[in-house]
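First, one chain by itself in structure tokens, the form predicted on its own.
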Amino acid sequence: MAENKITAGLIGAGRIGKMHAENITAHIPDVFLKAVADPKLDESWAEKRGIPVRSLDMQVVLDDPEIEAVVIATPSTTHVALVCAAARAGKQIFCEKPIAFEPEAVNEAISAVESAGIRFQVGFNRRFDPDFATLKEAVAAGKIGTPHIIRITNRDPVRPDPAFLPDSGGLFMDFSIHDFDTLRFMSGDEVEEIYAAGTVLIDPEIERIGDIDTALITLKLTSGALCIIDNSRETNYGYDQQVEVFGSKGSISARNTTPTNTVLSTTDGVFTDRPYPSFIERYKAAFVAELRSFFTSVRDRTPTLVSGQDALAAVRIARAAQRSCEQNRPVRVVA
């Protein structure tokens, strides 16, 4: 292992955890991924990635004195306990979103991190997407004037396995929460009031579970600006991710990205690529950039770019959206 590398551990090696491990080992050369732990660990995968310590016991990562930073990519319901345990162990922490489904539990994790004096970053990866970051910079620089209307489209290509949904926190907490964070990031503003309408139009099994698969959300920001978010669990044409900010001097938008920018024009029609098939491909650069940012904060001892307070704000909005949908009325977002 080269000198001055940050030694890291991974807790949770499902789809997201494996992606994080592969991004670290392939794209972040100043980080040494020493250990991975998961109760259902794929040993052959971990061995192929060159991870020397492989365990079914997550405590192995937390007890290793050489490991300075941990990446937590376990199911959402385990996040608070693991964040608190990692903080007690003195580890710098990157944790996937959401930290928890209730503000009180998020505050518990924040308190543990603050008491330990360690760095803590939450996995709102879209802040690190090159297109979205450029949009943010333009808005912050006043290039479109004062924001008036923000439109966010977030639609999955294929509905999730119903077995995933009962522990997911529901559409607003699992899915829309990215949009709530994106809105705060893009606007530099806070949500004052929200009205969320939701229904089941794709899969009756989702309704039997007690969730929704389609939503239209309107939000009022403290500045008076308005936002519209539309969500769907299935497009059948790819991962639909779009943002527009319209302001007093103009507008700026980030449209769907595609595998290539080619356009084929023939007598049969005009053809372009579909959007990417999943979030893994669409946000590949963002996933690498967010981890690189976290490890830079660890190395330089600087604040992380997505804090526990950002996670708390998004959860509060998601809870207000759930109440609004259930009660069919606008709900104020309480800070």
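Residue positions are given as counts along the sequence shown, with the first one as 1. From a predicted model like this one, the values you see are computed outputs, not experimental measurements.
We do not show the form predicted in complex with another copy of the chain, though everything after this point is about it.
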Note: another copy of the chain not shown here; in the predicted bound form, the stretch from 80-88, 118-126, 233-241, 174-182 having heavy atoms within 4.5 Å of it is 233-241
- Interface membership of residue 188, another copy of the chain in the predicted bound form, 4.5 Å heavy atom rule: no
* Asked: Even though another copy of the chain is not shown here, does residue 270 get within 4.5 Å of it in the predicted bound form, heavy atoms only?
  -> yes
**residue 153: touches another copy of the chain in the predicted bound form, heavy atom cutoff 4.5 angstroms** = yes
Residue-level question: is residue 308 within 4.5 Å of another copy of the chain in the predicted bound form, judged on heavy atoms? no
Whether 34, 67 and 280 jointly form a contact site for another copy of the chain in the predicted bound form is the question; each needs a heavy atom within 4.5 Å.
no
Applying a 4.5 angstroms cut-off on non-hydrogen atoms, the residues of 257-291 near another copy of the chain in the predicted bound form are 257, 259, 260, 261, 262, 263, 264, 265, 266, 267, 268, 269, 270, 271, 272, 273, 274, 275
